[in-house]
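Here are two versions of the same chain, shown separately as structure tokens and labelled structure 1 and structure 2.
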Structure 1
Amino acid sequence: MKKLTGIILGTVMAGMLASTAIAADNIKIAFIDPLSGGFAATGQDGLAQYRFAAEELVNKTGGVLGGTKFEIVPFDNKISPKESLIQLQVAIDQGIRFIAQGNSSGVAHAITAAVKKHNKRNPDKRVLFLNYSAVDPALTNDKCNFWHFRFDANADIKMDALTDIISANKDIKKIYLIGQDYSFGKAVAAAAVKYLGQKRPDVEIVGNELHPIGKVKDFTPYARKIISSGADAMITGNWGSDMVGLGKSMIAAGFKNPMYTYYAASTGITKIFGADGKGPLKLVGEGQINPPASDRADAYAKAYKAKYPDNDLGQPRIANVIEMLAKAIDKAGTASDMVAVGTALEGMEHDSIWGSKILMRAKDHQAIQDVHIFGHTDEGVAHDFDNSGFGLKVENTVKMASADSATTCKMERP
């Protein structure tokens, strides 16, 4: 009985796995991110942006290697490290050599370690890991490896840029740091303490605390504490419902000072803050969407919205990933030798559609680019988020942020 079920299921499984592995000439990029469950909104947004970027920036302009096209193959990792490793294996089995992932640094750590081991154990089937969003600094420091490339500015770089702006504002004398209790939240807090100490020793950090991730039902007590501390500004790395909860509680409790955030936009968040967030809500990140950097960027954003009206260009760096990968493949002249493609990507300079220059630093595979401080507003926003009329508009820019920052990475090249 058990045996029979096993055979039937096994046969079906083999059939289904085989049917997905139809050999095509396209260069496939595996998109391994949450497509179901609580974090799926971000994953679905990312997938739409990848598909659009591959179509607009590569396939419509003649492809790579003289006509080969990009194809994005989605894999649902349910934001679980275990499922990510299974899907990674499935992707590799289908002959996919490029892995894109971004949501959750925990998953990124699992994938980068697995890719490193896989490439060592299977030199004929090596893969590259294109990390477009996971910003834990460790990934390009202690845990760096040749196969991992990060296209987003990491948490340290963003904080470096943010504190540049804060230290120019003499009104800010007291700052409150609050974040989620895990590696990223701790990295944000540590970077803030470090950079504020260097740039503005007179600023007092009146609070530095972590709360359990995804477990706080009501942020009101935290908001009370922050307001009572007399803080002139708040910095948080919170994302998802923790960001919404914290921000709403702060506004409801009467906080009028700037709230510097990493992820308070898109996937419903912009719509929820609406008019309440105008003024206090700021965001640090890359990718200038408003005002559009060029006519080309404007047209790209308009075309995207026309095709995906319910999604946002929340992660503009995805366009850079696709363009830089296409360039690297063309330069290497191959899409199957990962050492060649990786070497081509190292040290690459690229003019982004969003107006910034991008340098993929060879010593740690961290992209160096312009980092902006955005304001949440409805004025002068050509491309809004969540169809709410509100969006992010560049207020300050730090050119090529942290270009000469140190890294503990000891890159081992194959």
Structure 2
Amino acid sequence: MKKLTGIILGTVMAGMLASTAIAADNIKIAFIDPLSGGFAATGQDGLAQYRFAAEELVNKTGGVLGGTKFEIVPFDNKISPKESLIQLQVAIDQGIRFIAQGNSSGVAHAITAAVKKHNKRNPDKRVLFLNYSAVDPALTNDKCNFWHFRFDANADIKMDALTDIISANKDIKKIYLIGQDYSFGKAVAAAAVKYLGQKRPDVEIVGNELHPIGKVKDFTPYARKIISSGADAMITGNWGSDMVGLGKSMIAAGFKNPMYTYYAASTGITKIFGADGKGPLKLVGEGQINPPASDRADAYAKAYKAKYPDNDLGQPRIANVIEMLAKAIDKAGTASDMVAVGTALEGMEHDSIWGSKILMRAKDHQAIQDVHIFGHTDEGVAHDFDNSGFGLKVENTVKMASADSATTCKMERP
């Protein structure tokens, strides 16, 4: 009996060791974003999308380097730059060489600076920063570096596309700008002032206001101020709980004019707007799922919803991050030499699952892609958000938006 028990125990232990060895061989990607607190819904949604993309687009299709799988490892940064740097170091200490982050450009600035410093001091333990959603233009301008790659269109690119649509609407004479008081919110406001001045100098900006990020509990005073200004339209870069709060207050205050946004969808926002958002609510972004860009995109979206019925594909660029990283690793022939992987990634052209070509521009590591203006609607929506029946449908598209835009980036390569 003792001998049998020993055999069984030995078999179990061998299986556990084999499993551990397999996990240790996985290529790990650290996901550093808010998983608790007021912005947890956005972070949890992003984590689910990363895990799904890794499994569906890489692990189930044979992996990279002849069969190695991707593994997403979550780290809660509580939307704090300081906490993000702590979690970054924990990830590096665990041997993780790929860092994914997107929520808050303030956090992204802290991470990109820390990565640059770390890589200079530790050439044998270099890491790459995969920025999937932090869109302060400075990150691919004055603050650019070889180790940072941005997969989302930056705030200037999005505003350029958005103001093309606004400038064509001659009913808009007055516009109100409102956003979160940090680098991204300031960048959105500056871009709006710049592009409206160029395209519609007759439009009066009747408000240009920033509020504390994640601190406002009741946006009613802001909504009243916007309405009393006589604004014909509003522009906001708010996201997460701040978009939810602003959206609720604007609806309650009876604002019926166009609301041009960057992130007014999913994580409860779409459900809150519901029928009240149909018509006035617009969003600028990438990734086409309504109508689906292809049968493959449609199947991917359906499979995601089947696995995560309470989540949405609100950040489709995450699929681009995973596929492009996999291609770069295979091209480089390694997942440990970050110079080789980074060199393979910069300048890469990729046919996205969402129907757009993606160019990772070599001169500044800014992804160039189609940018869409979406309308919040329940008509022709194959894939809704928040299980609400409402979703985002493409109304206008700017092909390869700002492909020739200038950059102040002076890239220093290793």
Partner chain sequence: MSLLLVNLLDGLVTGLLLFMLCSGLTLIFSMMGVLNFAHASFYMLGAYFAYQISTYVGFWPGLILAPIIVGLAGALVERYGLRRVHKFGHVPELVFTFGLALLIEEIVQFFWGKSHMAYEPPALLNFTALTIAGNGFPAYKVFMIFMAMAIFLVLLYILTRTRVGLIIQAALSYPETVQNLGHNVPLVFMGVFGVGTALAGVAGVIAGPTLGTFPGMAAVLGSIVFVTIVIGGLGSLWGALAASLLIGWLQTFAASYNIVIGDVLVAVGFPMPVNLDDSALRDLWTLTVSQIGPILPYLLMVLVLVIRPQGLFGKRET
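These numbers come from a predicted model, not from an experiment. Between two forms, the rigid core is defined as the largest C-alpha subset superposing within 1.5 Å. Residue numbering: structure 1 sequence, from 1.
- Two forms of the same chain are shown on their own. Structure 2 is the form predicted on its own.
- Assignment of C-alpha atoms to the better-fitting of two rigid parts between structures 1 and 2 separates L345 from T220.
- A two-part rigid-body description fits the chain between structures 1 and 2; in it the smaller part is rotated by 11 degrees against the larger.
- After superposing on the rigid core, the C-alpha of V216 is displaced by 3.7 Å between structures 1 and 2.
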